[in-house]
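Taking the form predicted on its own, here's one chain by itself in structure tokens.
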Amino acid sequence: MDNHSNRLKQSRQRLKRGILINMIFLPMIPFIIVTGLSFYFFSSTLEDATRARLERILTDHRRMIESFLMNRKADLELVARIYAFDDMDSDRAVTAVYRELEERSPAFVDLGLFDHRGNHLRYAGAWALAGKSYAGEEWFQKTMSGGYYISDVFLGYRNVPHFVVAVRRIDKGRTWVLRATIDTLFFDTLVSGVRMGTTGEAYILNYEGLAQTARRSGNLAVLDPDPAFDWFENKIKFGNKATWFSPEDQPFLYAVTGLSDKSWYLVVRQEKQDAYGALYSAAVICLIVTVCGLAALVVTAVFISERIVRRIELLDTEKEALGSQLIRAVQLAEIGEMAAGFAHEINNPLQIIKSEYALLKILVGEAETADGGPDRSPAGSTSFSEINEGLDQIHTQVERCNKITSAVLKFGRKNDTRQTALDPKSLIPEILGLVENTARSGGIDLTTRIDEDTPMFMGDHSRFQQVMLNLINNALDAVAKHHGARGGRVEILAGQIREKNRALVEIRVQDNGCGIRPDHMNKIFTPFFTTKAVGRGTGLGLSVCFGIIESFGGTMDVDSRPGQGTVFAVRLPAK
């Protein structure tokens, strides 16, 4: 492979890489940006919606739990206001009040009456707690100092988790305390009633991180320390405002808030996998779409770049062929000019030969007369007769050469276009004279049939001659290609036809050659299209002929069948 081919190949490879890079990376940038922004806004929206849902559930649940505790406290305060100590200071009275409270809420487990020293005076419930002293218990001391108290969950004398609600009453200088135990299971069910997805749950911690209710998931029992409390303890905002957590190293989302009038935290949590399930599904879909989109982009870019490069290669090939044909056309034009020059130079000797022929004819006639004429000397008559025949043959061949050179000179005067009235009856035989030897040597039967009423038409002599020579030469080539030296036939027909009420001259050049392939029929008048071998045709002949006939105001049609022959029909306005 030469250096030019190597450079051309390298140039095409660079072009292919450039097209490939631009087609892949330019669309890839906005594609990735749009996909990333869409996923960012979708994830942000989903995260905000999840956070809002957790905070809403947390707030609603906090209000429900606070309402429950305040109602139980209000129940005891109502009893303490209605009844005096003396009214309550009997087992029967305490039991009766306990039954009333139990009817108001199934959360009450028992009810006890205490004096100001913490002695358990009366008790209604399942445990034998009457007579015990609670003077040192925290709940009793805070009740005496604050007027009421809701305790954390503790074990107490029962040694089972529970919490109490206690209120203080001062009546006629006497202080007493009424205390009720709240059913932990009832309260636990109340708190754990939150449902979010499959893993959402709620539970309560005290300020030391001990669970006051169990988690529905079962991995945190009452009074167990919450392992997560250490990292979110210092981040919890004071008051009832919800605090949101989404720790990266934790599998859960958290929302925490404090309860009013109670040192408890209400915690709502949900697994991230559960809360962001739609987000993870969207991420997978985005990833699949991105990968498929990029793959499709790369495949499309490779396919299109290959096609572009192949098209460029084809154009380069056509360009090279076009350049070769142009060079060939220039060569043929130069050859034509040379032929015209040769014809002009040969024409002068021919004129001299004609003059010498005339002189010899006169001299032979005089010699023949001086010798007594052909009747007096049979031998001399035979010699003079042979001389005259030779001279006539010289005259015939000179005239023939003269016609050929005249025709070549007319053909070479292309630029001298001049519209004149042309007569097919004389012009066509003149043109055939240029090619009849070629047809004869090729064994082709070249015939002519011109109707007597064939009208004249307006056109340039040399250009029409060029058209007819091109059509006839093409027919001779097609016949020779199909039949060889026997069986070929080319016929030139001329006559008058009428079309749309006007007279036309129709000239048909028909042969029984190889014909034209159907897929070439719409290309034969295209410049530089040729079916001949490289170097044997320029592809300009028929396109030039078509243009010449159009310049005469005529048309040119073709009808051909492969293996049967071709007919070119030229129609020109009659003069």
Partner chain sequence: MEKMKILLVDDEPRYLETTKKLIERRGYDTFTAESGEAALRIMDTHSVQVVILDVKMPGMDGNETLRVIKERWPLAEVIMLTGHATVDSAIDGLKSGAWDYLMKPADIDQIIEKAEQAFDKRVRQEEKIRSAQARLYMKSPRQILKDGEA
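C-alpha atoms forming the largest set that superposes within 1.5 Å between two forms make up the rigid core. Numbering follows the first chain given and starts at 1. These numbers come from a predicted model, not from an experiment.
The form predicted together with its partner chain exists for this protein as well; it is not shown, and the discussion that follows is about that form.
- This chain lacks the partner; the member of 133, 441, 355, 383 within 4.5 angstroms of its partner chain in the model of the complex by a non-hydrogen atom is 355.
- Screening 87, 91, 100, 345 for any heavy atom within 4.5 Å of its partner chain in the model of the complex leaves a single hit, 345.
- Proximity to its partner chain in the model of the complex, taken as heavy atoms within 4.5 Å, picks out 398-406 from the listed stretches 162-170, 71-79, 179-187, 398-406.
- Residue 175 falls outside the set of residues with a heavy atom inside 4.5 Å of its partner chain in the model of the complex.
- In the model of the complex, its partner chain lies within 4.5 Å of some heavy atom of residue 359.
- Although the partner is absent here, residue 351 is a contact residue: one of its heavy atoms lies within 4.5 angstroms of its partner chain in the model of the complex.
- Put simply, residue 363 is close to its partner chain in the model of the complex: some heavy atom of it is within 4.5 Å.
- Contact annotation for 438-467: no residue has a non-hydrogen atom within 4.5 angstroms of its partner chain in the model of the complex.
- Once the rigid core is overlaid between the shown form and the other one, residue 199 does not reach a Cα shift of 2 Å, moving by less than that.
- In the core-superposed comparison between the shown form and the other one, the C-alpha atom of residue 166 has shifted by less than 2 angstroms.
- With the core superposed, residue 109 shows a C-alpha displacement below 2 Å between the shown form and the other one.
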